[in-house]
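Only one chain comes next, encoded as structure tokens, the form predicted on its own.
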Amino acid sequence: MDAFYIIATASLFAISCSILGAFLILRKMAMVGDAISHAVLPGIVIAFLFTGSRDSITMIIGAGILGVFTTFLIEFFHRRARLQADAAIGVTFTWLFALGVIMVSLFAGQIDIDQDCVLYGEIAYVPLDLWISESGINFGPRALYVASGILIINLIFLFIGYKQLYITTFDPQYAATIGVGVTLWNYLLMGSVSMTTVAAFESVGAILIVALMVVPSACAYLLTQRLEQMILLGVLISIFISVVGYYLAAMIDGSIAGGIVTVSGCLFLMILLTQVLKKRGAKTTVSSPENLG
């Protein structure tokens, strides 16, 4: 049953990440998830200083506020300071992460947390953090409910805003001329990324979330040029790497997160190699003597 809980949690979070990751890749902002996962450290420290509690909800709220603030800074630097998107991301997350490290060092005597406990969750611990009612009823792992809730919210967001996200991703100038709020939908997308990242990193770890936000959608991007198919393929790839990655880790008695990321990386390389060979084969066929006549 533990294996089911771990695979289910990883798959649910991976599906959420792949849905959002498709838009991030097309907007050339794939590393926003990485920026948020590091930049939330000051928010966690501030939340503890105000409440004196290490409760998960408190930490998530503090991290969530910083996550939204991170997306605001990235957009501000990108649009107002006219920095490239990757430069805006780099400046924002390194500055906020460094600020968080300093805050942890300054208040180390008051705060029983460190950078590792904040940033590197362990998905293997998912079956141990159970939701047990006051009457003693065991409802299963908390992370499974969090992952399910996040996925439902992201699916609703995709269903309601698919047209707006599509237009603002591929042709923001046209979207602006027909009255679609480009900035508004960009912030809504970044807010969803922030929510998903913050909710997931405590349970499955920041490194795994960054990989899930990028690699499945990157694999799908190599296989299709249609957004609907890209999202669907990303979802299927997410489930595949979650299942295979878990059993790879179990087979070698290694890190589950490491197994999932390794499988995703190998799958990406396989797809990339296949596409390169396919294109070379097509060029050879077109340029052969039989086809020139």
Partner chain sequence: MKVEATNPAVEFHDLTVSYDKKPVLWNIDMTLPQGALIGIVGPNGAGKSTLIKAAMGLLPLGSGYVRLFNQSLDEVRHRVSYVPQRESVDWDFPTSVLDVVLMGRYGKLGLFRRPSNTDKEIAMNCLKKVGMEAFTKRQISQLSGGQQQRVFLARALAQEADIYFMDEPFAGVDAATESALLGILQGLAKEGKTVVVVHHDLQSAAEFFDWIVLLNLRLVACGPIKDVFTNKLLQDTYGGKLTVLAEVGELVKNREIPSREKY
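All values reported here derive from a predicted model rather than from experimental measurement. Numbering follows the first chain given and starts at 1.
Although it is not shown, the form predicted together with the partner chain is what the next lines describe.
Stretch 224-232 is the answer when you ask which of 224-232, 237-245, 34-42, 65-73 has residues with heavy atoms within 4.5 Å of the partner chain in the predicted bound form. Distance criterion of 4.5 Å from any heavy atom to the partner chain in the predicted bound form singles out Ala176 from the list Met103, Ala85, Ile153, Ala176. Though the partner chain is absent from this view, in the predicted bound form it lies within 4.5 Å of a heavy atom of just one residue from Ala250, Leu49, Leu26, Ile61, which is Leu26. Proximity of Ser148 to the partner chain in the predicted bound form: non-hydrogen atoms within 4.5 Å are absent; the residue sits far from the partner. A residue is said to contact a partner when one of its heavy atoms sits within 4.5 Å of a partner heavy atom; Phe170 meets this definition for the partner chain in the predicted bound form. Contact annotation for Gln164: at least one heavy atom lies within 4.5 Å of the partner chain in the predicted bound form.
At a distance threshold of 4.5 angstroms between non-hydrogen atoms, Ile160 is in contact with the partner chain in the predicted bound form.
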